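Starting off, we have a lone chain in the form predicted on its own, written out as C-alpha cells.
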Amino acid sequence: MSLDYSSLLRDDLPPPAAQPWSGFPAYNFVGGNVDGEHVPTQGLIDAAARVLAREGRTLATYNLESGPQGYLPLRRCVAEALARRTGMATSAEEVLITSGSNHAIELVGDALLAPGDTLLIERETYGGKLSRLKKREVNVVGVPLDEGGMRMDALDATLGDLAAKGIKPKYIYTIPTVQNPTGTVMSRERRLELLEIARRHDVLIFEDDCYADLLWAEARPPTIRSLDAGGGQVIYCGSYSKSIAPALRIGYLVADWDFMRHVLPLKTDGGTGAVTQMLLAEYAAGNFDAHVEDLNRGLQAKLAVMVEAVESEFGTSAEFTLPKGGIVLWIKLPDEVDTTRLAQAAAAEGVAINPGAEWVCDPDYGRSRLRLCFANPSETAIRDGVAKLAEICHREFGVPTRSANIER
C-alpha cells in the first residue's frame, strides 16, 4: 500500500496538477513564451564555448568568484545596456542577478511585504504578480489605466484616500513600458508626474521593465529610475526572458545599496545558474542591440497576423488597442462572454488562452477579457488557432455571430 500524502500536505496548497505534462496544445496562446526562430542558438553556443574555455575554472566556486550579486561581467553588461538603452546611470554594485524577473519580484516581496500590508498596482497587470500578492495576504488597490498607462489623477486620488484612512502603501508597482497585458507605454511627462506624486506621498516605486526591449512603435522612453534625480525613490527589475529566451531564467534587480544590502541575505539559492550567466554575458556584450532589432521585426510581423486573424474571425465583437510592442494582445469581448469558461472549453479542444480575470485586480472587470500571446506560435498556428477559438466562442456564447469559420 502506498503512503497517503493527503494527511501530510499543508492545507493552504494550490490545487494539485491534474496530470504530468504531455506537451503544448496545438494552439498555444498563453504565458510569456517567445519566438523559437529568434533564439540566437548559434551565438549562444559560440559564447558558451569561448567563456568556458577562458573562465571554466571559476565553476569550482559558488558565484563564479564574483560575489553573491552574480557574475560580475553580466552585472557590468546589464549596467552598460541600461545606460545605453534607457539613460539609467548605474553600476554593477547596484545590480543583482536573479533567476528571472519573478525571482526579483519575490525578493522584493520578501524584503518589504507582510500580511495586511497595502500596495498600489495597475488595474490590469501581470498575473504572476497578482498570484504572489494573494499568497502573501496583502491588500491590493488597483489604479485605472488609459492609453498612456497608469492614470496619475487616479493614483494621486487613491493615495489621498488611503492617507485619510491612515494607510501608507509599501510601494507602487508599475509596468510603464509595454505594459502587461495592455501594451501601453507611459510617456516621459507621466513618469515625471509619477515620481512627483510618489515623493509627495513618500511612497516607493517598483518599476518592472520586463518587456521594455520589445518596443517598436516609438523610441524607448527613459526609465522612471533614471528620471529620479533625488535617488532612492525607485527600485527596478528587468529580464532577458523576453529579449533572449525565457528558459535561460536570467533577470535582474537594480536598487541603491541601502536597499540591496537587505535583499542579499534573502537570496539563499547559492547563486543563479552559473553557466547561463557566463554565456549570456559573453553573447550580449556585442550582440544584444542587433538581436533585439531583428527580434522586434519578427514580433511586429506576428502581431499583424494576430490582429488580422482576430478582426477576420471575431469582427466587431473583439475590441482592442494595438499594442506598441511586446508579445500579447489584450482583447475585450461582449459582456455575455465569460473568458474563464471559454478558456476551459477551448483547452479541451487544443486552444490555450489566458482568461482576463487572472490579469486584473477585479475579476469582474476581466470577466469578458482575454490575453493572447502571439510570439511563440507560427503564423499558420495563429490563423488556425484564432479561427478555432472563434468557433468555440460562438458555440458557447453566440459570439461572434458570424466569422470566417462559422456557417452562414
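All residue numbers refer to positions in the sequence shown, first residue = 1. All figures in this text were calculated on a predicted structure; none of them were measured in a lab.
Although it is not shown, the form predicted together with another copy of the chain is what the next lines describe.
Distance criterion of 4.5 Å from any heavy atom to another copy of the chain in the predicted complex singles out Gln233 from the list Thr90, Thr86, Gln233, Thr184. This chain is drawn without another copy of the chain; in the predicted complex, the residue among Asp294, Glu196, Glu336, Asp269 with a heavy atom within 4.5 Å of it is Asp269. At a distance of at most 4.5 angstroms from another copy of the chain in the predicted complex, all three residues Leu52, Gln69 and Asn376 contribute at least one non-hydrogen atom. Stretch 238 to 246 is the answer when you ask which of 238 to 246, 306 to 314, 285 to 293, 184 to 192 has residues with heavy atoms within 4.5 Å of another copy of the chain in the predicted complex. When another copy of the chain is considered in the predicted complex, Gly398 lies well away from it, no heavy atom lying within 4.5 Å. Looking at Arg341, you'd find every heavy atom of it more than 4.5 angstroms from another copy of the chain in the predicted complex. Taking non-hydrogen atoms only, Thr276 approaches another copy of the chain to within 4.5 angstroms in the predicted complex. Proximity of Gly116 to another copy of the chain in the predicted complex: non-hydrogen atoms within 4.5 Å are absent; the residue sits far from the partner.
For the partner-free chain shown, Ala17, Ala18, Gln19, Pro20, Trp21, Phe24, Gly32, Asn33, Val34, Asp35, Gly36, Glu37 of 17 to 37 come within 4.5 angstroms of another copy of the chain in the predicted complex, judged by any non-hydrogen atom.
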